[in-house]
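One chain comes next, on its own, written as structure tokens: the form predicted alone.
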């Protein structure tokens, strides 16, 4: 491979959340394990008496599952009750996102030691631009891609040494093929794809393997008789434009032929940071006020910790509520000075909550901080002389659930 050629890797951690749990509980290896539901149940099985998925009752969803559970039809996003019908004897473990985030940072740091040009795509996957890594372009024996394979293997070894976890890597000339490749030989796979491999290895795959073709587009293609990537590649560009519009149609045609010019973006500023939680049961704004208050405080503290750890502050504080009828309401408030302080976030969020009619039970609560700027770029400014604005009082004849402050103002 000539030095000027692009060489992109996509690294995907194998069943990340489930693997983290098995790392802490190795006696569960080889068993069907499902991660999902409330962390509050964790203390109930520390003695090794694992809860059965078949005993679960609630509306939680599967966060992830081991490959043994996936073989029985369970997948991320599936309702836990539906999963229980497929594998009642599977072990159910609650999600521990603090630990997942810790190990996510650890595996990315391990990769950066060998290849620093990284695009962060989420808690368990990254793109790596190896184009500037000289050793990746050195042939080994008769293999022109031997150096790239060796570097990818070193990255996998470094990740395992740092975290104890396995990952799969796809190596290709672009992000599109690298993403497809990382999924072809899971778990623990290392797949190398070139443009010449597209007809034999990519075209037989379902169209949904192309990142960006979701359920709706996939269903439309299927209705049109297009089921594989090869079928899509055989479609005329004008026909695709006619059915999907110019932008998406031309993108589909290029993608089906393995073409993708997107760069690896090593830095991008977040628009906002947020935390939210869905309750195991619907909570009443008045009867469950104490529990809601504690959850709200915790969400504010988590968002503040995220901001502080990543070096951001924000001026727009928002809340998100979802009621038992699935209606979603958002409110936000812009404060004078950007902040990453949990108490100030909670205070502003509490004012937002007072602008919502709390006349139904709640199933979800979230907190968001937007209008972000770098914390180290803030000029010294005095604290505002005026307190945060206080909403006008509700009419005297308004229902109690509308006038009741969900979380009292703090002095």
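What you see is a predicted model, and the numbers here were worked out from it, not measured in a lab. Residue numbers count along the first chain shown, from 1.
What comes next is about the form predicted together with the DNA, which is not displayed.
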May I ask you to choose, among 199, 212, 144, 164, the residue with a heavy atom within 4.5 Å of the DNA in the predicted complex? 212
Considering 271, 294, 223, 71, which brings a non-hydrogen atom within 4.5 Å of the DNA in the predicted complex? 271
4.5 Å heavy atom contact with the DNA in the predicted complex for all of 134, 228 and 267: no
Might residue 58 be said to contact the DNA in the predicted complex, defining contact as any heavy atom within 4.5 Å? yes
Although the partner isn't part of this model, could you tell me whether residue 31 comes within 4.5 Å of the DNA in the predicted complex, counting any heavy atom of the residue? no
Do residue 257 and the DNA share at least one heavy atom pair within 4.5 Å in the predicted complex? no
Looking at the partner-bound form in the predicted complex, is residue 344 within 4.5 Å of the DNA by any heavy atom? no
Please name which of the stretches 76 to 84, 186 to 194, 284 to 292, 109 to 117 has residues with heavy atoms lying within 4.5 Å of the DNA in the predicted complex. 76 to 84
Contacts with the DNA in the predicted complex, stretch 330 to 368 (heavy atom within 4.5 Å): 330, 331, 332, 333, 334, 355, 363, 364
Closer or farther: the C-alpha atoms of residue 309 and residue 14 in the predicted complex, versus the form shown, with a change of 3 angstroms or more? farther
Based on a C-alpha change of 3 angstroms or more, tell me if residue 327 and residue 215 lie closer or farther in the predicted complex than in the shown form. closer
